[in-house]
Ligand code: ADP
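Take a look at this one chain, the form predicted on its own, written out in structure tokens.
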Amino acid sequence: MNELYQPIETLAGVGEKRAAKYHKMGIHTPYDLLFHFPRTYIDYTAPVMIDDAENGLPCAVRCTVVQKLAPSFVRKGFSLYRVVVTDGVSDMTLVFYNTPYTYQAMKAGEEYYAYGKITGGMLRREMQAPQVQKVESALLLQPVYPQTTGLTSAMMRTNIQKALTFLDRAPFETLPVDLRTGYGLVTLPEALHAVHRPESKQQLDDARHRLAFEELLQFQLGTLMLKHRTNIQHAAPMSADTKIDDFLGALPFPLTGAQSRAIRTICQDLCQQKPMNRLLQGDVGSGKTVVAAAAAAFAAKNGYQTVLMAPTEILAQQHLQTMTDFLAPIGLTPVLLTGSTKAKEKREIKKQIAEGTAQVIVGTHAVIQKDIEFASLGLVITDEQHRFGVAQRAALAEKGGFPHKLVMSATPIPRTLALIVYGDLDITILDEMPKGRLPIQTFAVTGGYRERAYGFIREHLDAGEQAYLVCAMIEESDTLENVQAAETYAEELKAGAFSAYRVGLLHGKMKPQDKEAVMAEMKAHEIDLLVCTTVVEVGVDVPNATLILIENADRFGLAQLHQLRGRVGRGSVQSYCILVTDSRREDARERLKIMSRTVNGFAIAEEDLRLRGPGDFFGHAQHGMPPLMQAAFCSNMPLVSETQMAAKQLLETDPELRSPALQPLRTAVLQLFAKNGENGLN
């Protein structure tokens, strides 16, 4: 068997404990390790002179060991090791903590690269805890890997070097020669060697380009193949003569032109033989739910059931209320099915679904459980699709053979990027806001204005309005540290600036029923000020909330800031967003200026793409798509266009990629989409 596919333990130096740490990161074989790409590189290609180094900024210095000072044993378990070095003009001291091996390996008179932050004055300069490597064997672009506790980049570099020798003994390639030649791509073995051990920046750029190209190509091939398979399936067509005038006439507000066009397009899709596969994209407050309700009404009048799936119980309950408000006047009563639905009630709802008496079902992932049977599922609607991903969408679709699918997202995505992420969907955009919505006024301030901001919030609370205070995200999800910070913040506000008001707390580590209880209190105005982490980001609707203050706003991307800002401005009263930051970084300031300048989510999304690149756009929330790790390095859209063109050309000549030359690529695409259930690629 190929060494690359043996257990990771077969690598020299990887014992049981280290293997367990690799498993924790999803790395089980040497092959997996080869595709664990560096997150950045330490650049030794342009070393500076000691005197020219800026205090406190990382830099590389080429230096010679002058003297090794005697170790200092500060206390038990803590030792200092100092080495005096020179660049030929000036001296400095390298300070190592508890690293005797590095200290012992360094020899007087030998040349080294040292990388770190230089501190001190002209008379005494130090570099503490530097990265050190000998000049004669140095990697001038040294990879730094995403890692976990007890597994360092140095360990990974050693293990990956061994995995590369396995690759040399059994090289493989996924792209056919003519495709590589046509797009000027290096081979896969060349790219993997270069991304892990680059000899020059050009070699690294070529490797990244090849890996990014293939990652985007595989995803686009998969989504186009899914779209092709959907197009040749037969959905139960609905009647074009169906009227929903009673639904439209019962609405308490006039539809925007964009909403009317979207409803017309969706109803036309529902009357086709092939299943609808459509993305309904609209900014916060653009009125997507009424479009979804219209589609559900159209399906019900044709004798079909509709499922609306939301990512959280809070959002599912909100959708139930909204859908009920829209559909009750025409005799439809939506039911709710979530993980916390009581057993007796769940049995009754399942029975109604199976018998067809429940025509509109709102729920969380609970609606895709295997024991749920539908009488006549005709339409599947998923909300905040980027939080479900392709796999869950396919699992829900399996419930009804080939139902029509409508995907809703309030996360504005630049159209070019949407074509990658939603390559298997047609796109409809709600680009008008309902009349009466006032633009949210946004201000970016430093922490020095916090007390004034608190005073401004109190004025609005005194006027009977409500507000949110959002704690900055420490990691991608609510960590223990983030929760503790929110709890401490809430207690301080209760005891201090907002002691006269009802202060609530909401964070992602709370039980679903506790979150729902807090949001119910917020909606019922039993809470004046809600301190929260980013769990409040998606969809929660409290029209009386008119003000949101976001602490350390520089830690958020533009898309997430825009989503958070969308928690206010949902009523007819003027709303405000205050962004607090003390960051002096130019990119942070630029992001907050953009937020203050516009409330157009699509303009913000374009700026977010420009500033952060597509790889970062969805964070870790996007399921069922590749990490776009290499594409993150290539934020230029020409690469997207190239891979789209290449995917279409390949599928025009071979729709299933079954020719011998394309078999390796087909296998890679199948592996990428392997979690998509029976409706995935197989």
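Computed from a prediction, not measured in an experiment: that's the story for all the values here. One rule holds for the numbers: they count along the sequence shown, beginning at 1.
Quick note: we don't show the form predicted together with this ligand, though the next part is all about it.
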Assert contact_stretch over 280 to 288, 497 to 505, 307 to 315, 336 to 344 against this ligand in the predicted bound form, heavy atom within 4.5 Å, equals 280 to 288
Would residue 534 count as a contact of this ligand in the predicted bound form, using a 4.5 angstroms cut-off between non-hydrogen atoms?
-> no
Flag residue 575 as yes or no: does it have a non-hydrogen atom within 4.5 angstroms of any non-hydrogen atom of this ligand in the predicted bound form?
-> no
Is residue 259 a contact residue for this ligand in the predicted bound form, using a 4.5 Å heavy atom cut-off?
-> yes
This ligand contact at residue 326 in the predicted bound form, heavy atom, 4.5 Å | yes
Contact residue in the predicted bound form, from 557, 116, 434, 143 (heavy atom within 4.5 Å of this ligand) | 434
Note: exactly one of 78, 172, 449, 253 sits with a heavy atom within 4.5 Å of this ligand in the predicted bound form, namely 253
